[in-house]
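The chain that follows stands alone, in the form predicted on its own, written as structure tokens.
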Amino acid sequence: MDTIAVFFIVLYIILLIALGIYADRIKRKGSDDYFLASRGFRTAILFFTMTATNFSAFFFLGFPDSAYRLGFGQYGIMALGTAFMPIMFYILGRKAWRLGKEKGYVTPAELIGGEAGSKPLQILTMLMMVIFTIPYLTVQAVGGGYIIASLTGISAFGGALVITLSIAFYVSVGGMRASGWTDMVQGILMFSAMVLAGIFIASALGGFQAAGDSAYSEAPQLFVRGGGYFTVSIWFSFMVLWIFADPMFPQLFSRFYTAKDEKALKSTMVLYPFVISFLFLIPVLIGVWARGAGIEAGTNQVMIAMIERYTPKWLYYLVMLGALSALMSTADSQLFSISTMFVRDLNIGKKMDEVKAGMLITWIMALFTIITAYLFLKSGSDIMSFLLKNSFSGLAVLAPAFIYILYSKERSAPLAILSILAGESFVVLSALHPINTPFLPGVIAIGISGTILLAGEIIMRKMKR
């Protein structure tokens, strides 16, 4: 057991819990404060909570591994695709913020259901978001378990248990304010760790130019579009999928409501692509440089191998804490958003105080996460794996319905429901029976959903003439 690592992990978790307790002490009365921090996040907190929530452990572990195998094409797919998310900040975010402030919406499903005047549409949207988010939440817990296990020597399940219970405590106690504050701390930690890792590794390899030259000599295919995988259609597919899918994750969409004013939302929208484009380049560079350095590492081990070989020990601890921060900032937001949807969309809070209901549901969902993480670690879960592989597609299908309900003058709840069901059916069928197409199935599913809405819109307008 690495006692220094244990010390830093314990200190880190204590800090997060302390922030949760402090957030609880200064919170105001009412569910709006608990679920949305009284809609008072200024630019700094809003920016960090949006970015930290969107950065999972993939940023530290999966990203360098993919770049190691596929090269710089991975940067274009992930960085540019994610950087275009502010398009949806403008299309959906500003509208959601305005309507949320005006009508008191708290969840994404409340917005679409309320504007369409349809409880069935609200429940369907909520169920789709929960179904495709829970596997992602479980994977964050499992990833945290592996990181803690590698540092402390305890089992991966023991690590997942520690992570999940810690998150459940500070989130249930402090609500959205605790989630936002901890996201800010975690965001600063993960960004600092990644930047320092890039600088130290580049220096050890003789500088950026020398590191790149060595990688090019060893694997020149990494410097083209991806060795045949990243075709134009695949690039297009990922770009479309990221733009439509990211805002549909409930933990991200709910952040639109938390902005203090439109200025904070606009500032975040402007900062987001610049910071993302810069930060996403570093793990890609490290992954590519690893080929030139002759690194041979297992799955998701490229970053760890490079850190261990080329940086001081203290930076290794910092990077591992950064990876832990990345997954915890995603997991706490997912856990809280799912709990909020259960309380608000299913009206559980009507039978008891909404804040108490939110705290109770958070612990129930944490328990469910622990159980599924245990099953996943013990024998794997076909259902969980299936949902995880299709989570982005399943959530992206919801985006056309949101745009339609928010902007169409002829909006029809039954038509929105039909578009969602048709798109989700294609996601499931294409996963069970893969089809040969140059585009990712999720993009075709978005097309199906959008086409149904567009055709219905045209038909309804003609019928009114």
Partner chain sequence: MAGLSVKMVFSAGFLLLMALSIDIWEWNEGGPDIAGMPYWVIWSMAIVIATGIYYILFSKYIWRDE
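Positions refer to the first chain, counted from 1. Not measured: the values here are computed from a predicted model.
Missing here is the form predicted in complex with its partner chain; even so, the following discussion is about that form.
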>> I'd like to check something about S277: if you look in the model of the complex, is any of its heavy atoms closer than or equal to 4.5 Å to a heavy atom of its partner chain?
In response: yes
>> in the model of the complex, does S150 come within 4.5 Å of its partner chain, counting heavy atoms only?
In response: no
> Does S192 reach its partner chain in the model of the complex if we count a contact as any heavy atom within 4.5 Å?
Replying inline: no
> Quick one: is F342 in contact with its partner chain in the model of the complex, heavy atoms, 4.5 Å cut-off?
Replying inline: no
> Which of 234-242, 175-183, 331-339, 106-114 has heavy atoms within 4.5 Å of its partner chain in the model of the complex?
Replying inline: 234-242
>> Can you pick out, from G198, G212, G158, P120, the residue that has a heavy atom within 4.5 Å of its partner chain in the model of the complex?
In response: G212
> Which one of F169, F376, F72, F392 is close to its partner chain in the model of the complex, taking close to mean a heavy atom within 4.5 Å?
Replying inline: F72
> If you look in the model of the complex, which residues in 87-105 sit within 4.5 Å of its partner chain (heavy atoms)?
Replying inline: I87, F89, Y90, R94, R98
